[in-house]
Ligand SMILES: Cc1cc2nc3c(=O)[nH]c(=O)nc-3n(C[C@H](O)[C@H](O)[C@H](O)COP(=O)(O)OP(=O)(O)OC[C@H]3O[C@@H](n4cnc5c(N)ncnc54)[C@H](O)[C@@H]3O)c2cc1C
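In the form predicted on its own, a lone chain appears below as structure tokens.
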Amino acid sequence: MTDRIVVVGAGIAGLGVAMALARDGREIVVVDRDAAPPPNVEAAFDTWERKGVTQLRHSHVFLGCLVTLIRDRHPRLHDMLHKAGARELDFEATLPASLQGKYTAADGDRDLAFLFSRRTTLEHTIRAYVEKLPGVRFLTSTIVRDLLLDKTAAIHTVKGVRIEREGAAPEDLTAAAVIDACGRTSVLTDWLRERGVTIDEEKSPAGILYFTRHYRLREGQDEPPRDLIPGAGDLGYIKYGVFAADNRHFSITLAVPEIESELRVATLNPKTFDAICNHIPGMARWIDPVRAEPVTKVFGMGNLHNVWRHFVKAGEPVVLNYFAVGDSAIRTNPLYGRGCSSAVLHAHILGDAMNATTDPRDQAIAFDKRSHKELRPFWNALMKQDLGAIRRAKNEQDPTYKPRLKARLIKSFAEDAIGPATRSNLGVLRALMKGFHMLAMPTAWLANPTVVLRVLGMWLTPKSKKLYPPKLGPNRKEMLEALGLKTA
């Protein structure tokens, strides 16, 4: 007998689930409310409509944990991504200018690799790979209208979904398990709550609005050199980042604090967006008209929160045969670039749990336990980082603000210890990048005495002997005046 698993959602999380669960003797039905994708990656970028994926054309970075997982578990997909134009840069290739020429290899360096690609290219290529996996089929232009739920047992048990295909009457699709991969707009959890299932939720504001514009390098032009001028930074009143991509494309994202009401409205205007970039050296050289041309409007995204939903309570699942993956269960600020990598990792955590046992209770407990172990530390760290950024953005608007000693120490430790240490010491950079790539816990470097001593030693070093980047950009007052906006 073939087990059927229904995956609701065909974005990165849903595709990740199909990758993790596909095997002979199992049917994976991926329900996609959108039409089938365009024929190639350029058409996908230009015309692919993904109604539930508001972040489809925002900047993305794909981390070492994802690169390693694809390389080791899905080598054919790894080859397909490279053929589609995605670029993989290893640890040595991404070293700052101050460490270039000083590289010595170490175990694990191969895993500290970024994959640079537009989200549409990644998703289009993964989908082409998944379509060829055993037992996988897609239902496109199909809407899930309801969950099929058995409430006769002590624990609610999901038995399938009610679907409606384009132009057809609703029908029931039974399944051994239903995977919610609908993303941040999912309503499946709401349906369960309406039926009496208690699903606790932690929620914390990200505190920003997210703006992205895509560009393409002109013929004969190359990306700027990797030197001391950073392509990402935090000015307090705005965060920014340049994201390399595939096939001569790149994007820029500006993250504006929610309290900067006038700036966030203005940033959606392409002229203002580019003007902001031109006032920040790390971005200005990328969008120099001689080097590159814009190829999209400015995309905006708001209402961003860090969310963690709990489907196991007091050691027991609150519902059986239902699993939420990726943004349907765990969300973080997209600025930190964890979303897609975390979603595919989360999907494979679920795959390992479901492949290890057929007992739905054991599956739910194993999935929850490992999700907490491998993903929760990152969620905690990013949530705290957002709360700190919200406070800093508020202080930027107060000309009378004077930071207390604790705040000054934290700022100094980041700017005068960690920053210079990563620019001057290969071992420190390597240790911190393992956490950034989600290949080690975010604070694992603190358990390495050698790294800690080097960072503390840098903190005690006179500033004249430290390596600092050039000034990132204008202060708030200077930028707003340059843009013709109110400063108070």
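Just so it is clear, the model here is predicted, and its values are computed rather than measured. Residue indices: 1-based, along the sequence shown.
Just so you know, the form predicted together with the named molecule exists too; it's not on screen, but the next bit is about it.
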*Considering only heavy atoms, tell me if Ile143 and the named molecule come within 4.5 Å of each other in the predicted bound form.*
yes
*asked:* How about Phe62 - does it come within 4.5 Å of the named molecule in the predicted bound form, if we only consider non-hydrogen atoms?
replied: yes
_Any non-hydrogen atom of Ala86 within 4.5 angstroms of the named molecule in the predicted bound form_ = no
*So in the predicted bound form, does any heavy atom of Val325 sit within 4.5 Å of the named molecule?*
yes
*When you measure heavy atoms, are Val8, Pro334 and Arg338 every one within 4.5 angstroms of the named molecule in the predicted bound form?*
yes
*Which of Ala284, Met301, Leu149, Val307 has a heavy atom within 4.5 Å of the named molecule in the predicted bound form?*
Met301
*asked:* Which residue, Pro38, Gly52, Gly435, Gly427, is the contact with the named molecule in the predicted bound form, using a 4.5 Å heavy atom cutoff?
replied: Gly52
*Option from 149-157, 276-284, 135-143, 67-75 whose residues, in the predicted bound form, bring a heavy atom within 4.5 Å of the named molecule*: 135-143
*Though the partner is not shown here, which residues of 342-360 have a heavy atom within 4.5 Å of the named molecule in the predicted bound form?*
Ala343
